[in-house]
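Shown below, as structure tokens, is a lone chain in the form predicted on its own; questions about how it binds or moves come after it.
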């Protein structure tokens, strides 16, 4: 079996093992929440004026399969997610989680993906430029801005932008859609409206990750530029962008590519708080509501597992990309 095929198979097996372990952890945490789904739903019905008995609770537990052993319920949930893309049923709303988070999850993935693309589209060239002009005034400005990105939290940046936009424009710039498109079906006009409003949350979500990557790219490029093989290339007459791209960048950007999954994880961590500040109707806001308000563990678990799956998939793809760019990586499976 060729080395590359073995590498891909090993990385795929590791990704699947990670997802199975994460699903077990998420399901266990869902089970540790005081009161099961049946009890929570019955309590909600009681708060609406319905008369509830212990028999009603037992019947609801049987209907939801909560009387079965833990392992069987976990296996049923995992197989439903992985093979039928069925995320289960919401504890509180008694409807499919797929129905609740469908569009919202796509919006979250779109915002996170946009922030990730923006991060690397700006951080890589800016970091390379900073490294190539070490000690100059432009390098100093870039470093100060990147330090500011590390020091200023994303949610605080969102509040600052909202404050200034309210003062200068008379608009808080919150939400992902204009009033007329919030509940409208998907059309090109609604998509265009989304694009006109999504730039600010995308920039805010990319803020910290961009600052970290600028520092990383600058440090890696600076280290590579001082090595002997780059000096030898300069002696052969190479200079400028040709030298940077052909030699130091090729070796320096490998660790940067490998950190894509970590940056996506960082963006997802910031998403619920930024969503709450900017009043975004996406899965991050729904996750915050499920955890802090409705205590709907089925809904929260499904969102967390979906976001984790995207991070694991992206890490798998970046591992494959690194193996393509650097054949030496294929010699080590893990």
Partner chain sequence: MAFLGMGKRVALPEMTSEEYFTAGQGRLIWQRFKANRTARFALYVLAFFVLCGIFAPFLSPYDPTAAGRNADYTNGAPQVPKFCDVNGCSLRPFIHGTERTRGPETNFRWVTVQTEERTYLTFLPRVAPYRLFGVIPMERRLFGAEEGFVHLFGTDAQGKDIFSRTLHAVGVSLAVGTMGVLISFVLALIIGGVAGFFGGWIDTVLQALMDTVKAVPTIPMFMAVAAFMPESWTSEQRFFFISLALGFLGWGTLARRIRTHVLAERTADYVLAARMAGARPFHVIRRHLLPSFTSYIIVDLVISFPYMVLAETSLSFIGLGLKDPVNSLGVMLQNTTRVDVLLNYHWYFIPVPIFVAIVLAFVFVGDGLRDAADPYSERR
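This one's a predicted model, so the numbers in the text were calculated from it and none came from an experiment. Residue numbers count along the first chain shown, from 1.
Below: the form predicted in complex with the partner chain, not depicted.
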Notebook entry, point to check: Of the options 192, 148, 121, 71, which one has a non-hydrogen atom that comes within 4.5 Å of the partner chain in the predicted bound form?
Noted result: 148
Item checked: Single option in 102, 140, 153, 125 placed near the partner chain in the predicted bound form, where near means a heavy atom within 4.5 Å -> 153
Note to self: I'd like to know whether residue 53 contacts the partner chain in the predicted bound form, with contact meaning heavy atoms within 4.5 angstroms.
What the structure shows: no
Margin query: Taking any heavy atom pair closer than or equal to 4.5 Å as contact, tell me whether residue 167 reaches the partner chain in the predicted bound form.
Written below: yes
Check: Does residue 21 make contact with the partner chain in the predicted bound form, using a 4.5 Å heavy atom cut-off?
Finding: yes
Notebook entry, point to check: Would residue 235 show up as a contact with the partner chain in the predicted bound form if we use heavy atoms at 4.5 Å?
Noted result: no
Margin query: Tell me which stretch of 109-117, 195-203, 153-161, 81-89 has a heavy atom within 4.5 angstroms of the partner chain in the predicted bound form.
Written below: 153-161
Notebook entry, point to check: in the predicted bound form, do 259, 314 and 321 all reach within 4.5 Å of the partner chain through at least one heavy atom apiece?
Noted result: no
